[in-house]
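The data below hold one chain only, encoded as structure tokens and taken in the form predicted on its own.
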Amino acid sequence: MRNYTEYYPLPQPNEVSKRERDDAMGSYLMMFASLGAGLPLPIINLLAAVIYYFVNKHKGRFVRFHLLQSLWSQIPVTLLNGFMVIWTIRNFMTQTDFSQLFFGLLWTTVFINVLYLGFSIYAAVRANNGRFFYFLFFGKLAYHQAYKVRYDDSKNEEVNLPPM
């Protein structure tokens, strides 16, 4: 059993291919999937991000990091947006008055979405330049999943070798 933690080295911007940079940038653009489909349903963004993740996750650690960070950060935003859509539809269907709590949560949701949009666009630009940008909490999680060296102690070998 190994007692130390190893990480693969982070690539320098000039070491990241144009294809990897484009794929990494695309992971942040999945938040516009429902707008492209013309639907206001937040779950479509998450589904697009999951599909994009599974299609591109084997294209290198740089791409995988950005895919994971985008996907992990999109989950709470999607859940919040979905909750607000359901609550709004419920209020319209039951003809219930909108409470101060509703409007407070609505403005909080709008603020979080604008913040998420800004950080995602900035991260997409950084990814397109071959650089990293770490979201609070989700960046560290994605880094550990993409760059940590993992071993199979029963075979005494690495199980997540870097892609060729």
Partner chain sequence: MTGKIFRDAFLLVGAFIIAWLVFSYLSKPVSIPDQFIPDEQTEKLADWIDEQITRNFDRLDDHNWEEALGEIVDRFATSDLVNKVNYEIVVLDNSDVNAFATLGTRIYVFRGLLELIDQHEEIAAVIAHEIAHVELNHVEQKLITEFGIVVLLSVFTGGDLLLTGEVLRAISSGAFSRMKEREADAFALDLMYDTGIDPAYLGIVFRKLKESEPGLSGLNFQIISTHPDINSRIRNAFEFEKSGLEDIPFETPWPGKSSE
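All figures in this text were calculated on a predicted structure; none of them were measured in a lab. Positions refer to the first chain, counted from 1.
There is also a form predicted together with the partner chain; it is not shown, and the following applies to it.
- Heavy atoms of Tyr143 reach within 4.5 Å of the partner chain in the predicted bound form, making it an interface residue.
- By the criterion of a heavy atom within 4.5 Å, Gly104 is counted among the residues contacting the partner chain in the predicted bound form.
- Although the partner is absent here, Met93 lies within 4.5 Å of the partner chain in the predicted bound form, judged by heavy atoms.
- Within 4.5 Å of any heavy atom of the partner chain in the predicted bound form lies no heavy atom of Phe54.
- Here the chain stands by itself, but in the predicted bound form one stretch of 45 to 53, 125 to 133, 108 to 116, 58 to 66, 108 to 116, has heavy atoms within 4.5 Å of the partner chain.
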